[in-house]
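Starting off, we have a lone chain in the form predicted alone, written out as structure tokens.
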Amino acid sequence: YYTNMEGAREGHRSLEPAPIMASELGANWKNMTWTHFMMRMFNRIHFTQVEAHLLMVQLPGWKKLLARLMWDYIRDIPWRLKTPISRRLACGSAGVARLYLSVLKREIPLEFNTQMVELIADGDTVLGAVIECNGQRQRVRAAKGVILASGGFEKNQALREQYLPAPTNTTWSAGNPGNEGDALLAGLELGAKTRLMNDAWWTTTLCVPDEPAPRLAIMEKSFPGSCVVNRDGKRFANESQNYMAFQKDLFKTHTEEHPNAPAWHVFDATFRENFMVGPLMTKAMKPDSQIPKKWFDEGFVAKADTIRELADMLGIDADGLEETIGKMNHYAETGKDEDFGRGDSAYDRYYADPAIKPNPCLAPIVKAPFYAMRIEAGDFGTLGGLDTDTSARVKKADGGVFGGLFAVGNCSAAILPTYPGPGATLGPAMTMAYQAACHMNA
């Protein structure tokens, strides 16, 4: 994600789960949670991250890929009788499905609909936990230890307000709805040490009216022919940089007098025709006449014949927005973003259009009508939590570690908080879970 840093090398470092057929799980496929709907075509057909790149930017071969995915879906009649969701899983659901399959093959018991209520401890040693399963509370004694792996606290508004920078709101978070900080609170109750509590895995999000969860606003704002502005009509960051860095820049200059949240993704008719923009898709896929009226009424999207009119609709400073669009059009001509260096790094150019010269990240914003889509200061999880050692043992606030208590994933403090690349959450979570298991069985 930081290819402009000294010593960085480009490409070939990220991994994603290989697609897997849900039917490999047998009847257990019904226990699965599907990958986020933004990573499912028409909310039904899963696609990989690589496929998403091809489709979103409409690179050579995208039509052939689209046709193949749709044909494979349509002809799978037996699976259509079970569910409207595609048999082929990709991205997160594929990764979880493969792990779940491994658990099933090893006959490791799993309890669903089960919540941890509290940890059971004797002094500095954790002996087990009180759980609630299907409305019944049970005390479970751990033979070798308890591993907490329950996610962060992104869906707990009180904890967000206590620890995270403002503005902050659970409704902007694309994290798991169940991540309310249960493991963190249980650890704090015992006197656990915490770290990095004021940080999260930041990304701007799209809170689309009537959709069940926010969408991540990652690719759209990187495409050429658009920019992101605040209420002053000013840009505050390089839109094509990685999403974590972008939002850190948002917080850096955000004030109550000059807020960066919410912000607006501004683009023109050419952009609307050529690129998929979140739920708007492309104009051919979702004509303006099919955009729900509620989206306009609630200020999620706006459309106008002039930049000034667009600004007035949304309460954005019109002079500021006109000045910003004028700058962007000049940068598109020269190929140099004089404000934030958009397009200077290899990462910037990943979600760009190579056909656009001289800078694939910059294209003019000149063709009416003009559009804006509201984006929020969201996240997909918190990264602060229980402090652990190299064996994932939870540290005590007064020194030392707890016996029999381990923490991995987002309920523990991040190992790679700068988010150097994709998998900076999942990779350490799986690694530290392995470390915990090795220590417990040593």
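A quick note: this is a predicted structure, and the numbers were derived from the prediction, not measured. So that there is no doubt, residue numbering starts at 1 and follows the sequence shown.
A second form of this protein, the form predicted together with a small molecule, is not displayed here; the remarks below concern that form.
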Contact test in the model of the complex: R374 vs the small molecule, heavy atoms, 4.5 Å: no
is_contact(H36, the small molecule) in the model of the complex, heavy atom dist at most 4.5 Å: yes
Any non-hydrogen atom of T204 within 4.5 angstroms of the small molecule in the model of the complex: no
Close approach of Q49 to the small molecule in the model of the complex, 4.5 Å, heavy atom: yes
Candidate stretches 142-150, 328-336, 296-304, 119-127, one within 4.5 Å of the small molecule in the model of the complex by heavy atom: 142-150
N198, Q115, T282, T83 - the one with a heavy atom within 4.5 Å of the small molecule in the model of the complex: Q115
Candidate from N176, T194, S345, T168 lying within 4.5 Å of the small molecule in the model of the complex - any heavy atom: N176
